[in-house]
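First, one chain by itself in structure tokens, the form predicted on its own.
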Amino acid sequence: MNDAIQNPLTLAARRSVLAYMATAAVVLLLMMVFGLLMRMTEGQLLPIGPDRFYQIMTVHGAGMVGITALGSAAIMWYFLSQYVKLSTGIFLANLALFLIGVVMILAGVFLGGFAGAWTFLFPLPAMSMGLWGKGAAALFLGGLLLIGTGFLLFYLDAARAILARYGNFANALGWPQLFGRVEGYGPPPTVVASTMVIIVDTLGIVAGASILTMSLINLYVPSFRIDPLLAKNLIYFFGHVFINAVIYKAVIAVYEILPRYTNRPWKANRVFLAAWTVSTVLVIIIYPHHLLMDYAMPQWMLLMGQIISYLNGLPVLVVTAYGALMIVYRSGIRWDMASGLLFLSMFGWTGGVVPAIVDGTIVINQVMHNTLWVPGHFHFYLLLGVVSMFFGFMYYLLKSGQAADTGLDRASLWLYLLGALGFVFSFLYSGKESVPRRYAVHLPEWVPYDRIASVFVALVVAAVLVFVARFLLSLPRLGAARHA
């Protein structure tokens, strides 16, 4: 089968991608500002009060996951649509449902006072001790459900298009080349990664929709009881799979853009195909590492969570990081904002895995799980990994619109790297010092860590403001361009 790029983007499709990226860029910046407000509050630099702190924490947690998912969906759709025929209508329907869901969530939080965190653990939505009403909880849960529905439509359309071209998911994952006697390379890395994401994230969304629906029923029919342990398992299965799928969608930018800079195609050889097949399984069964402190969990599941934590990130991460190094090595690549950010993302993803593996060890997790070590590890691979991929793709679009990098862009990249490293290591060091997470009020001896972190977050926000402003100001020209 000829996998060469066959479907150049139409003008409507290209503008749809730009709408996704513009939305994601603005909301991402807003969520970072919320993060800065939280750190300043903990550092006693901003008196916003505990109630407002937990509302912002709820929006920041749900918003960061949701908006990185939206941005990575744009990356996946942009490149996958060059190999299979996707529906622009479904793509836009996902964006519309996402925006409606966001409005519902913001109303539930800032008008209704819901502050139960993104985890919405049962029975918290229905037992607020008077802090919020049923309507506020329903708006939050309903908003998440609507966003999940949009992503499910997005995946179903992608699955339809891939099945129409490759016949089944096994072919799209390259199993004939991996396990059979078919010689040569498998499908393009974009198709392999997209197929994996469709499989795992559809399962995650169905699990999330199930517990969201049950929680909504419980709000208005309290006699409808939910097993709390089942609820927590469903929530963390959904949450873990959904955020991991964000990484696997965004990394498509690395597979597609770096080869265009180096004129070295990224081939899906057997090692690459094996890594993605193994990760398809591991991502589904790893989630118990979020429940290592839950004594009611079966012991075999906790042990599995620890063991799989050591293995999960390695297959795809190793082949991707090694592949990126080989693609770039002695290629004569011309470094600019897009290539620099994408290469930085390999460091962020790799570095972020280390504290995650540490926290996935049961004896360490029992001490570190409720400290700032945990947000330290996921901010590491999200901020320096996924978000770098997102901005790398954004600058790639700018480059396609004939926009040259400026000195301010390059200075902002270094500022972003400095701020992000300082921020995540402030988190990790605070965790080492046993500073708890999700506390609005900190003890005096913890405050210096919060103030140092606030300075680094401010640097990140300043750098991202430049990235976002450059993109938004270029939108009219990008929207008029007919070719990527």
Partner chain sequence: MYQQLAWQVTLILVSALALVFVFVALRARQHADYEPIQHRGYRIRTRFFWALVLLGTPTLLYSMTDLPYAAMRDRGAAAQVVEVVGHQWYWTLSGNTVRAGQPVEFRITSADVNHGFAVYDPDMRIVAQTQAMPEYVNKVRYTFTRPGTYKIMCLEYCGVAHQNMMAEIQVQES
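All figures in this text were calculated on a predicted structure; none of them were measured in a lab. Residue numbers count along the first chain shown, from 1.
Just so you know, the form predicted together with its partner chain exists too; it's not on screen, but the next bit is about it.
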Are any of the heavy atoms in residue 257 no more than 4.5 Å from a heavy atom of its partner chain in the predicted complex? no
Report yes if any heavy atom of residue 370 sits within 4.5 Å of a heavy atom of its partner chain in the predicted complex; otherwise report no. yes
Mark residue 408 yes when one of its heavy atoms lies within 4.5 Å of a heavy atom of its partner chain in the predicted complex, and no otherwise. no
Residue 183, heavy atom within 4.5 angstroms of its partner chain in the predicted complex: no
Site test, 128, 319 and 358 vs its partner chain in the predicted complex, non-hydrogen atom cutoff 4.5 Å: yes
The chain here is shown without its partner chain. Which stretch in 189 to 197, 208 to 216, 361 to 369, 94 to 102 comes within 4.5 angstroms of it in the predicted complex, by heavy atom distance? 361 to 369
With the partner omitted here, the residue among 380, 77, 140, 390 that in the predicted complex has a heavy atom within 4.5 Å of its partner chain is 380
241, 337, 398, 302: which sits within 4.5 Å of its partner chain in the predicted complex by any heavy atom? 302
Judged by heavy atom distances of 4.5 Å or less, which residues of 345 to 362 approach its partner chain in the predicted complex? 346, 347, 350, 351, 354, 355, 358, 361, 362
